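Given as structure tokens, the chain that follows is alone and in the form predicted on its own.
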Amino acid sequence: MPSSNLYPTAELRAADSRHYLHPFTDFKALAAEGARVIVRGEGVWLEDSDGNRYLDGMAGLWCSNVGHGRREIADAVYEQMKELAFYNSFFKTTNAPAIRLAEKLAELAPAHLNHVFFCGSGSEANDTVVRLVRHYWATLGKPGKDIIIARHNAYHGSTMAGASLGGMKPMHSQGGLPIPGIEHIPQPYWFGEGGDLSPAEFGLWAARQLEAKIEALGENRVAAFIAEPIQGAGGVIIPPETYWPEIKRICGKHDILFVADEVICGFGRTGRWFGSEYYGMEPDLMSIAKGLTSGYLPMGGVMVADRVADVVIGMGEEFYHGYTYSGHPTCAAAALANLKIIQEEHLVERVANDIGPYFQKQWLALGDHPLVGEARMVGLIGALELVPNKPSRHEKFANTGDVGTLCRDFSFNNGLVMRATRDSMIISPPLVISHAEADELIKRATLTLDQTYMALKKDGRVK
């Protein structure tokens, strides 16, 4: 039966079209089609205003790690709002939930990360990274050391600085981006860009593009390298095994900071608390958000290594940067309740040793489907590359993205939320997904692939 709702779906859609400008959306196209109205969430399931149920294979937007509808978080938020809903952290002022959260994050993060700067999102976290990195070097008397290197097809948010750090061409085509002082190098995307190199060879090649860029620009001008442990929005790009050890060597050899963007990989997604731990990296700065609160309230931050904190604290100079909602007490209360659930239910360990391996075995088996050129997954983040002429990696579908969109639409019709990036399907389900729900996700994903394949075969787009 449809969920009770204050308004009928048609009225909600009409009001949405009249007033609501959605993110990353062709407004005209959405107005013609009408938005899907989600009204309820419980565990890994969502329900729309017409009563349709969907298995949430994307954890909201990479963030609902503990699942939807957790009463513990709602209660924590309610209790905090009764006591102190909001106060700012300016003017020598703080609040208890922000203090406790900073303390908890220092406990969970690698031992050398003991400070955190709070903000409202991952985008704001990466804006903060730009400011903090440049402030660090200027404080050391090197204001000209201000270039930050990132990767093509990376995603670091959609604010001016975040979108500039990201390497997505469509974003750079609007708004005069990137801002000055941002450079990009190739991504470690073997399936799509590895050519005739083996994964191991390509991993080394891609990593060494960082060293080449540092040498071309001059080490005295390069401030930092920022990267996601696994590129999420770029299509779940999992680097070859040779990539991160070589990046670590390069960062250690050259006098630059390493920034790990953990907005997606953080808080258990890879089977470790942070993706940089999974790959044995030791970041100087670490952007966090999403899984910090499981999306229940907006909150982000930047974890800061001791060697950076010692400089920016010890020099006694004001850091002219901050947000009204830095250290928001209600958001901090939500984060503390969320982290408590992750710890008490051993979700990180569960991803590493139980549901992760169980799900991966079935997901990777989808690589045998005639439409799938590669299936890949780490922890509970994975992708399926859709190709027209398997096993070729070099042949692509015409009009990149059309097949991915077709597959995504079949997926929604089958009650499964998967995301399409180019012509690949990506997932990142809540960490609480059960074995039975994992089986159901694979069943619906298989049906979706079959329907997409048959549609493409009918119109001659697969051989």
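Residue positions are given as counts along the sequence shown, with the first one as 1. Everything quoted here is computed from the prediction, not taken from an experiment.
There is another form of the same protein, the form predicted in complex with a small molecule; it is not shown, and what comes next is about it.
Visitor: May I ask you to check whether Y155 falls inside a 4.5 Å heavy atom distance of the small molecule in the predicted complex?
Guide: Yes, Y155 is a contact residue.
Visitor: May I ask you to state whether A332 is within 4.5 Å of the small molecule in the predicted complex, using heavy atom distances?
Guide: No.
Visitor: Verify the contact flag for V304: yes if a non-hydrogen atom of it lies within 4.5 Å of a non-hydrogen atom of the small molecule in the predicted complex, no if not.
Guide: No, V304 sits far enough from the small molecule in the predicted complex that none of its heavy atoms falls within 4.5 Å.
Visitor: Do L285 and the small molecule share at least one heavy atom pair within 4.5 Å in the predicted complex?
Guide: Answer no; every heavy atom of L285 is more than 4.5 Å from the small molecule in the predicted complex.
Visitor: Is the small molecule close enough to W62, E228 and V263 in the predicted complex that each of the three has a heavy atom within 4.5 Å of it?
Guide: The answer is yes: all three residues contact the partner (heavy atom, 4.5 Å cut-off).
Visitor: Going by heavy atom distances of 4.5 angstroms or less, which of C251, I355, A233, L132 would be at the interface with the small molecule in the predicted complex?
Guide: That would be A233.
Visitor: Only one of G271, G122, G291, P188 has a non-hydrogen atom within 4.5 angstroms of the small molecule in the predicted complex; which is it?
Guide: Contact with the small molecule in the predicted complex is made by G122 alone.
Visitor: Looking at 384 to 392, 75 to 83, 156 to 164, 215 to 223, which stretch has residues with any non-hydrogen atom within 4.5 Å of the small molecule in the predicted complex?
Guide: Heavy atoms within 4.5 Å of the small molecule in the predicted complex occur in 156 to 164.
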